[in-house]
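Here's a solo chain for you in structure tokens, the form predicted on its own.
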Amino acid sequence: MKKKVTSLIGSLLALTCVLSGCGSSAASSASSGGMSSAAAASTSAGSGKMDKIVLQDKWLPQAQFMGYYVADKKGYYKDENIEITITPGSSDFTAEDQVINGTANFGHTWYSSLLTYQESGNDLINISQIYQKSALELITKKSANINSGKDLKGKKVGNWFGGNEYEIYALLGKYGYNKDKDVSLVQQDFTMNAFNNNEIDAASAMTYNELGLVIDDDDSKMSNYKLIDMNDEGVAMMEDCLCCSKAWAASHKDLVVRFLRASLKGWQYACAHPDEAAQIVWDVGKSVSLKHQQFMAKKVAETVKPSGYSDKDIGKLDEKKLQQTIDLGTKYGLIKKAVKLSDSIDASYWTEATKAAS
């Protein structure tokens, strides 16, 4: 059985989000039930017909995926002769599952999750790395005197597990700690109650979601807390990316390039206008609150376009970072055998899409 890595924020938002109204304007009117990838993406060059594609998100409509909703709202897909259906995710399946079974042409998933499918022999590739750094952090209270991974020995550390624990394992391994003896790893639920009630010393938190829940989406309240950043610790594993079938992409190259070009334009606009992007996503899904979507959009923008990156860097496949994910994943048990990077990614579509846009 293939390992499935569920969204870190999945169950939390399942309790707080309403599915009514989810999806883009295209998703609201188009049905993807029973649609194969080949049928969904009918080649229409010169026919005047729109190419219909399905994008499977990892979870419900929220700013984590804002680039696609912005691209749809602004008409960027239409400009590329594409009619898109953006399908919200679910705890019952993964984006990879939907691409494999032909329900979706593209999936937005974590690269670490994609590796588990590639290890199992599935014909999936990463065509664009949307998030350029890990958004996973450990949050602690200043009173706990935990300043880095080195201070975790003997502490209670919370994580959701289900595939989300490997960066924590790598962090502990960096300092020579045995995850089963030197710390108490605690099953963390999808609220921050255990942390707030001092039941755990360090809690897992995504910069764009759980962190906001702790500080009420207000960075000025960070004075009472400290963060252990996986990027700063050198144990970051790459997260949100775009995947599709390798064979399908090879036979639909022009469509893949056009889809990427429109999507990257959407991400560029969303990162430059996070409040507007948050409003667009909020109007689609009503997830948590508009304030939380605004907080999320700003934090996601920092992850998609970190300091020093330009618009042209958005979505690029950084081989060093991706190889680190493979290496850490192999060392700490995400995958049993290292996946070959050249078989795992294909940067040619991103290169072509950004070349055309320059």
Partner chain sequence: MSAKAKNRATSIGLPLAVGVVLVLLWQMGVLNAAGGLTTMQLPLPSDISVALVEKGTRVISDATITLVASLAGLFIGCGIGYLCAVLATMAPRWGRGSLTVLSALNAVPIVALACIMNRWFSSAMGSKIAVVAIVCMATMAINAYRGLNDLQPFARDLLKSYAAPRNTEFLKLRIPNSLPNVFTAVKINLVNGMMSALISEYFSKDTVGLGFTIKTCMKMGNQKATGWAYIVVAALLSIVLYIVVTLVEKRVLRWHASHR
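Numbering follows the first chain given and starts at 1. Please read all numbers here as calculations on a predicted model, not as lab measurements.
The following text describes the form predicted in complex with its partner chain, which does not appear among the structures shown.
Residue heavy atoms within 4.5 Å of its partner chain in the predicted complex occur in exactly one stretch of 223-231, 92-100, 245-253, 271-279, and that stretch is 92-100. Not one of V235, Q323 and W350 places a heavy atom within 4.5 Å of its partner chain in the predicted complex.
In the predicted complex, its partner chain lies farther than 4.5 Å from every heavy atom of S148. Within this chain, D283 is remote from the site of its partner chain in the predicted complex, having no heavy atom within 4.5 Å.
The shortest heavy atom separation between V186 and its partner chain in the predicted complex is within 4.5 Å.
Taking the partner from the other structure, its partner chain in the predicted complex has no heavy atom within 4.5 Å of any heavy atom of Y177. With the partner removed from view, the residue among Y77, W267, F106, Y117 that has a non-hydrogen atom within 4.5 Å of its partner chain in the predicted complex turns out to be Y117. Between the options D240, D201, E137, E165, the residue in contact with its partner chain in the predicted complex by a heavy atom within 4.5 angstroms is E165.
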